[in-house]
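Presented below, as structure tokens, is a lone chain in the form predicted alone.
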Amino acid sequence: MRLLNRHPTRPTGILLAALPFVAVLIAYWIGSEIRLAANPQDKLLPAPETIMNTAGRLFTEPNKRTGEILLWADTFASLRRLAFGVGIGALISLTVGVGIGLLPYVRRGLSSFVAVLSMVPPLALLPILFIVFGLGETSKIVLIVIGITPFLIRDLSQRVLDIPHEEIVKAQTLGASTWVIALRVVLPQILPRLIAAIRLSLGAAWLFLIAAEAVAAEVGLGYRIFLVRRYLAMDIILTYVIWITLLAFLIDFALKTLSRKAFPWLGGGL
């Protein structure tokens, strides 16, 4: 049997999925042991038990000055910014993407502009955003929107163009207007793709969020990481990095579950 036709059993699949994570943990543990053996005061690779103790403290102990648990305050602030940025970007992308894919005049007018806009490095615009919108919440949300929206628009517009032309012709034959075609023919087919595109853009959205928080914020996951870096508090930094990774995974899993429940006819996917 050819290798491409061989599929792992469920236990084997779980084992194969866990192997990279186990390898990273072992490599980190070995590196930490070597550095701590040479210098017990080394801060670069804290021992795993140190990270666990720090995580327990960050999740449960309130700040003595403010009385709030900083990690949870940072989490809620960052998730709020992320939700607004991704939500606004998705809404704009859905509207413009359908317009470009369905309407020739809109496609002629905006497709080249969106293509050029997608080539602009969003982080290069960060100083401009701070000047225009100030150092508050708006600039951070706008950075996320600018960062992910062009990609989402191009992806959704291409998905609309990939819809078989026969479906559009049949809908017109039955008397459907452009508005009805957009709602009843196009929208049901691109909503699953919108969710998939959002999942693919989450990594970039987190990057833009953390970059903005690192530069100008008083609360947030990115702000806290860059605040403690000056003290080489790697146990805190690694705790926050692991927490951000877990949050990103949970959001991705939630979107995947939503797509599977809302559109069961899609079948398997990422």
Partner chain sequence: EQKTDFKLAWSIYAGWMPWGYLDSSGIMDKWAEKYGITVDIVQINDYVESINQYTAGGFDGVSATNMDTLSIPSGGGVDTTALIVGDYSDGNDAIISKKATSIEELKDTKVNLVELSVSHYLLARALDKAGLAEKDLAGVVNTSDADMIAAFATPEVETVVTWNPLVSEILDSNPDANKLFDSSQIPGEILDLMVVNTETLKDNPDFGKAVVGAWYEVMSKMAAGDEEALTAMAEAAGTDLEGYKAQLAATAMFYDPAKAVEQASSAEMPETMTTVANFLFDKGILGVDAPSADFVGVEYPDGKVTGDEANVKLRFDTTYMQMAADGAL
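Just so it is clear, the structure is predicted and the values come from calculations on it, not from any experiment. Numbering follows the first chain given and starts at 1.
Below, we turn to the form predicted together with its partner chain, even though it does not appear here.
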Find out whether any non-hydrogen atom of Val215 is located within 4.5 angstroms of its partner chain in the predicted complex, and reply yes or no.
yes
Is there a non-hydrogen atom of Leu227 within 4.5 angstroms of a non-hydrogen atom of its partner chain in the predicted complex?
yes
Examine Thr60 and determine whether its closest non-hydrogen atom to its partner chain in the predicted complex is within 4.5 angstroms.
no
Under a 4.5 Å heavy atom criterion, is Trp29 part of the interface with its partner chain in the predicted complex?
no
In sequence order, which positions of 29-43 have a non-hydrogen atom within 4.5 Å of its partner chain in the predicted complex?
Arg35, Asn39, Gln41, Asp42, Lys43
